[in-house]
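Presented below, as structure tokens, is a lone chain in the form predicted alone.
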Amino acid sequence: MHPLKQYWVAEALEQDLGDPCNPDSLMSFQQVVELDEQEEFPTDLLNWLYNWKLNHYYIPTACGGEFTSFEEFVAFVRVMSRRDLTTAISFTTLFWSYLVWMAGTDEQKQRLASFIKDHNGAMCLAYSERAHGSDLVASDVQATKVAGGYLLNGEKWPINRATISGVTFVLAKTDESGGARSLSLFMVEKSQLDPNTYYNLPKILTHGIRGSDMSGIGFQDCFVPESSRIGAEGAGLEWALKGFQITRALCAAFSQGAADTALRTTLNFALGRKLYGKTVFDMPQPRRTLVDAFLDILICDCATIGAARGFHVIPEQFSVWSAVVKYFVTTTLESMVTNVSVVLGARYYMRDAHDWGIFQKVVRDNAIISVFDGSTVVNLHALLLQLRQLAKQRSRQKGRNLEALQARLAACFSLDQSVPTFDGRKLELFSRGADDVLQGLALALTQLQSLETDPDLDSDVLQQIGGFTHLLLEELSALDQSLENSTFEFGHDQSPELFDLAKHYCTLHAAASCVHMWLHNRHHLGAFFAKGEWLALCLRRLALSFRPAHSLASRINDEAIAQELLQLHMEDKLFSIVPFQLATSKVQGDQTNATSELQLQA
């Protein structure tokens, strides 16, 4: 088992699911592509996951479940997602239960925990409406107060698992005067409803995740008891937004599972296909494309795993962190999948060729991740509303409370440290200007300078890491200056330039996450991680988004990255800073045995 205990569940699930390239294994590529072609809901696969008791890991231990950390959660969602996003997304609607774990009564928590564990229960989130999309305050669904409860009226659409779920979390208007306190949140249990008062809307045909139960639900004078309301009347929007802070950040796990398959199946092709007397991987351009894709995964790893741990340490900062991760990781990995498709050539577009056509399914399925639970625009807008406050606070806190800041960064990024129990009640709608990742960048630079005499580090690599970290500080300072000089005002009509600043902020945050991750894990994540070539190349890759290539330090030799990529592929390990063991691939083993002697250096 992996030395880090938080990856044991993912490894165990992976081994029991087996090799996805084996058509006889559970959730094989052949099976999930066939289900997708038939647009069939993966009922048997979900039942297998329930029987495996994966559902228990969506319930906190305090409520009778097995959930202990978001880092563990991200790892096992990647295991599902690398096989099939349809199944992973359908199963993980269970995570909406966190609304109850955070804001529900003890009785609601017990009822929901029993529903999930004892009845293989599933749930969905009914927030959006056909006329209003993600504008939640504009909700037309009404919850009218009556004796003992409320009458629901209206339709929610589109909703994932709206039809095939027993619990629907409904955001409805309880105050006609409007405003932020006009909405309340309800845990609607279908088994308790008069079936004549609600109805399901038809399945929606979608571009990807074709087998999903994407539909909607409508209510006509549908009575729900007062005990179904979560939190106080009028607090629905607040809990909805706090719930999004969790799910938006964790959406990254879907993208990372998909990215692993996109890269792995492309490598299968690149190592087996020969042109002009050599493999495709041996050709400089495809090789660079695949190495850069690996770097993108490592960058996103640092942002996602840091955030998953950060939930437990500094939940009050997640109005910023969740928006950054949801935007940056999902869009970066969408681009990565597109980039590696070039190596596959025409095969990426074929629905039944090469690894049962899983790549084209990944392209289609993965495209929705950056959209749901708040689109790219929604997340960038949520972030840019906080940018000026972040800049002011960064200036006020400069050089202050460094010991406490260092302790929080260590808790967020040192993977060998346990994390405190997550307390969702500490989530805040605004971070009040705090973002430890970028606040701690100057501190990280000081730590890097202290490593100059470390005999285990290559001085050229360390110099690049230090140089790029200094560059990040320069960019952050310039960004803060731009914010001070901007004509920013709150509202929906923000300029494209402000959206660009928000994107830039996300890139800096991701880069700083990489630096913190390396500094806090150099001694226990293996030799490849410790040497830091990957970090130097990742920082340069990120710097290219805001500086021209000729102004940057030259790219160091990336052969160590290429060799690590091949090694992980040959050993069936996850492409990650935490490369835990995957199920053994016989097909892949046969292919890499033929090329490993050519590629791997002693």
Ligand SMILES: Cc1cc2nc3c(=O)[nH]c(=O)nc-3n(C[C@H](O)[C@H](O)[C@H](O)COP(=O)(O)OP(=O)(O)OC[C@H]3O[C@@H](n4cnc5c(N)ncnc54)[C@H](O)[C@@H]3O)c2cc1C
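All residue numbers refer to positions in the sequence shown, first residue = 1. The shown structure was predicted, so the numbers you read here are calculated from the model rather than taken from an experiment.
The same protein also has a form predicted in complex with the ligand, omitted here; what follows describes it.
- No atom of the ligand, overlaid from where it sits in the predicted complex, falls within 2.4 angstroms of a backbone or C-beta atom of the displayed form, which makes the pocket open.
- Shown without its partner, this chain lists Val377, Met350, Leu445, Ala232 as candidates; in the predicted complex, only Val377 has a non-hydrogen atom within 4.5 angstroms of the ligand.
- Between the options Pro158, Gly433, Gly121, Gly466, the residue in contact with the ligand in the predicted complex by a heavy atom within 4.5 angstroms is Pro158.
- Highlighted residues Ala293, Glu564 and Met570: none comes within 4.5 Å of the ligand in the predicted complex, counting any heavy atom.
- Contact annotation: Lys203 falls outside 4.5 Å of the ligand in the predicted complex, judged by heavy atom distances.
- Proximity of Ser128 to the ligand in the predicted complex falls within the 4.5 Å heavy atom cutoff.
- Remark: Phe528 does not count among the residues lining the ligand in the predicted complex, judged by a heavy atom distance of 4.5 Å or less.
- Although the partner is absent from this view, His381 contacts the ligand in the predicted complex, with a non-hydrogen atom inside 4.5 angstroms.
- Partner proximity in the predicted complex, defined as non-hydrogen atoms within 4.5 angstroms of the ligand, places exactly one of 492 to 500, 330 to 338, 398 to 406, 519 to 527 at the interface: 492 to 500.
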